[in-house]
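Quick setup: one chain, the form predicted alone, written in structure tokens, and binding and motion questions come after.
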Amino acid sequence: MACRSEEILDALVKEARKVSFEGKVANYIPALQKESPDHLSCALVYPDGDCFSAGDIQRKFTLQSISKIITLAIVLMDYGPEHVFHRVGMEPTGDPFNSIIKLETSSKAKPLNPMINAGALAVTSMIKGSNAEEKVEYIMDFVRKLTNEPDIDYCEEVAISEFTTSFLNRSLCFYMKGDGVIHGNVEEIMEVYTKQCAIRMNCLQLARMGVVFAMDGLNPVTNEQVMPKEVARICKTFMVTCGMYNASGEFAIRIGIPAKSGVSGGIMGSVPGRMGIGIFGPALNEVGNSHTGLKLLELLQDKYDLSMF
């Protein structure tokens, strides 16, 4: 069973929006504070090309941590799992996404997984290119393949805002560089990382990206195998185990789909073999996930049995 009615989806969005007052917009990145917690949009994209959307669907937002899935896919394709997981672990963590504590207690500062900030920074340090500009463009080319949108770019304002305030992320980089987990210039890594986090799109474009992962790397619109099936499988597994920060276990039980969130309020869902989901709801819960987005996914799960378990 699937949701193929914009009228029904619109009703679910309106119902989920009622809890927006319970969440708060991210304030530690100055540029993100401008969003209204009442915004909520959702798009569902199916492998046969059908698409249904509701809410503030034209409103664009930055990917933030959703970009971690994109860069993970890129380095897995370029270097293979053995090389990548020599530097980054595969285990979930119960700590906040920006925690430094596991670097201090784990072996040789190896981050536990690619979805926490330390792991994502280690992944970004592996992106190919002779300078930051080339590396960012390399990432953008892949995003444009995933979404079929040649004009997608990053938001300069958000990138600058993050770059000038990312003191903790710089600390994570220097800590890992001290133990040889990452190499290269930390400021260059930070430039690439903040620009990848600032990639901007709407919920429909996010859903198009989600359906590619749902279809094991096949873009159903272009019929191009954008990434190998094994890379898509690894990415979806991390989305299940680590994609919703340190609430991933609860999310797996309540909703049960591969998903990745970002502190802008975005959530990308990939229901295996069935659909891609794009959600934008900037009212966040205490963990950093979209509060209204989670409510909407719960409503969708209750009505359409999305869970893969």
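What you see is a predicted model, and the numbers here were worked out from it, not measured in a lab. Numbering starts at 1 and follows the sequence shown.
Omitted here: the form predicted in complex with 6-diazenyl-5-OXO-L-norleucine. The next part is about that form.
**Student:** Using heavy atoms and a 4.5 Å limit, would one call Cys197 a contact residue for 6-diazenyl-5-OXO-L-norleucine in the model of the complex?
**Tutor:** Yes, Cys197 is a contact residue.
**Student:** Although 6-diazenyl-5-OXO-L-norleucine is absent from this view, report whether Tyr245 comes within 4.5 Å of it in the model of the complex, heavy atoms only.
**Tutor:** Yes, Tyr245 sits close enough to 6-diazenyl-5-OXO-L-norleucine in the model of the complex that at least one of its heavy atoms falls within 4.5 Å.
**Student:** Does Ile69 reach 6-diazenyl-5-OXO-L-norleucine in the model of the complex if we count a contact as any heavy atom within 4.5 Å?
**Tutor:** Contact check for Ile69: no, nothing within 4.5 Å of 6-diazenyl-5-OXO-L-norleucine in the model of the complex.
**Student:** Please run the contact check for Ile29 against 6-diazenyl-5-OXO-L-norleucine in the model of the complex: heavy atoms, 4.5 angstroms, yes or no?
**Tutor:** Although 6-diazenyl-5-OXO-L-norleucine is absent here, Ile29 would touch it in the model of the complex, with heavy atoms inside 4.5 Å.
**Student:** Considering 6-diazenyl-5-OXO-L-norleucine in the model of the complex, which of Met201, Met115, Val88, Leu76 comes within 4.5 Å of it through any heavy atom?
**Tutor:** Only one option qualifies, and that one is Met115.
**Student:** Which of these residues, Gly55, Pro258, Gly262, Gly276, gets a heavy atom within 4.5 Å of 6-diazenyl-5-OXO-L-norleucine in the model of the complex?
**Tutor:** Contact check passes for Gly262.
**Student:** Thinking of 6-diazenyl-5-OXO-L-norleucine in the model of the complex, which stretch from 178-186, 115-123, 209-217, 135-143 has heavy atoms inside 4.5 Å of it?
**Tutor:** In the other structure, the partner sits against 115-123.
**Student:** Which residues from 158-181 come close to 6-diazenyl-5-OXO-L-norleucine in the model of the complex, meaning a heavy atom within 4.5 Å?
**Tutor:** Contacting residues: Glu162, Asn169.
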